[in-house]
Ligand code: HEM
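Just the one chain here, the form predicted on its own, laid out as structure tokens.
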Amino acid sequence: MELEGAFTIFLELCLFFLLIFTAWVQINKKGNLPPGPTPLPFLGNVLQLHAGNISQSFTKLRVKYGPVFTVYMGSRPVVVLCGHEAVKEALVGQADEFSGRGKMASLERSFQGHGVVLANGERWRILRSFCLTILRDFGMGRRSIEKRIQEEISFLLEEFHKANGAPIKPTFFLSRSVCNVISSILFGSRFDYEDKQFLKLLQMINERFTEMNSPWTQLYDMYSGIMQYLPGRHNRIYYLIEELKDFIASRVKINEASFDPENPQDFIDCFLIKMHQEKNKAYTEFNLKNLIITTLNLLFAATDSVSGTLYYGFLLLMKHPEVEAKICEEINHVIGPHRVPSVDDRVKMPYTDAVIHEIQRVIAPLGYPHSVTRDTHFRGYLLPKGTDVFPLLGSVLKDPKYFRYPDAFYPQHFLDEQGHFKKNEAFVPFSSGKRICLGEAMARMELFLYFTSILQNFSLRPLVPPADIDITPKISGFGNIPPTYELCLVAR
């Protein structure tokens, strides 16, 4: 029996080392990838990648390996692009080749390649074209959506006045308001701020964004092959997204009950019309799964980006009260204390515009992964079809060649010597190339109107001295999660 046991252990060890050898061979035969740290079999570059702040890990590797290098997330090679030149060369100069969406196992588990964000190939092209058309039809970038935003801001200002200058946590105030703007397009109406279903929806959206950037989810994206079978915190994002999908499905049923193809009221109605038109086709991308997940994609993107920028922006302005003072001076000069701010005011307010750009730059996200759609030659390397690519937007937005003080909050990055607004080609918070954000025009409009309207009516008062305000992200993943804080909004 002892001999049999020893033989079994010997066979298991042989199998283990065979698997290691096989994995090592696979790692070293994939194309001609850029250099990078030597990976461990199965584990990849776990020793070099800090799951709590993966962006910082990439920054350290860039110093050693240059602007283009390879890391292994488990056994999966990922080519990392740093700085404006490398990212632009890929996403713009070779736009078709780098237009694929890279693997995000934590989201793929729920989305399975459906929806406009994670889709690839013809499905992605069809859904993206449809979304752009419908969003424009409902006023994205036009005067009609501006009025919706102004109306929603008026409700937010009322809520702020009710606080009467007492300390508040701005998270839910901002996310309720911003979410209602996209909800009016997706669902045809806004939610009451005290609606229990709406509050639960926002809680899940905010928690999902935190979970998506957590170390557990980053580990899951590296080792999903094993972790998908294990219990633990990494499964939380899956259950949250499934609940959110159920919410969207319930909204679709409401639309179906009152559906009038001659009079579409919202995005869901427009998608249902396409489903009806193509119901007899042997194959169509206009199906219930793509409707639910695309609607969810748009809800996430519109809520996360704008409310997160406002939330982080308030913190930066309290850290730099002299900047807030100059914005208020410009508001008083151009708009005055009573007129509702308009997008037309932006060209007359270069300092405010520069500050908003600088906020977006400073809180720069890591960005979403791409993949190459065919075997691709890039800077002397060969990236096999399907290779994942991380174009680090944060490294572009903090490229010292384009920003004088990349790690400081310095609105003058976007002002010339005469104080006029100055564009910067390395300003890419919405990404660039074929995967550029669908809602960029609406997001830029929202940011300007929210910041100017709130600062026209309120002063931001921190609960601690400006010097003691910590702006370091509490979590840094695909996006940066700012520290939790309270503030007082004092009526002007």
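From a predicted model like this one, the values you see are computed outputs, not experimental measurements. Each residue number is its position in the shown sequence, starting from 1.
Not on display, but discussed next: the form predicted in complex with the named molecule.
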| property | result |
| --- | --- |
| In the predicted complex, residue 301 touching the named molecule (heavy atom, 4.5 Å) | yes |
| Contact of residue 437 with the named molecule in the predicted complex (heavy atom, 4.5 Å) | yes |
| Non-hydrogen atom contact residue 82 with the named molecule in the predicted complex at 4.5 angstroms | no |
| Contact flag, residue 320 vs the named molecule in the predicted complex, heavy atom cut 4.5 Å | no |
| Option touching the named molecule, based on a heavy atom within 4.5 Å in the predicted complex, out of 454, 447, 426, 33 | 447 |
| Listed residue (116, 354, 392, 219) with a non-hydrogen atom within 4.5 angstroms of the named molecule in the predicted complex | 116 |
| Proximity to the named molecule in the predicted complex (heavy atom, within 4.5 Å), stretch among 264-272, 206-214, 413-421, 128-136 | 128-136 |
| Residues in 300-322 with any heavy atom within 4.5 Å of the named molecule in the predicted complex | 301, 302, 305, 306, 309 |
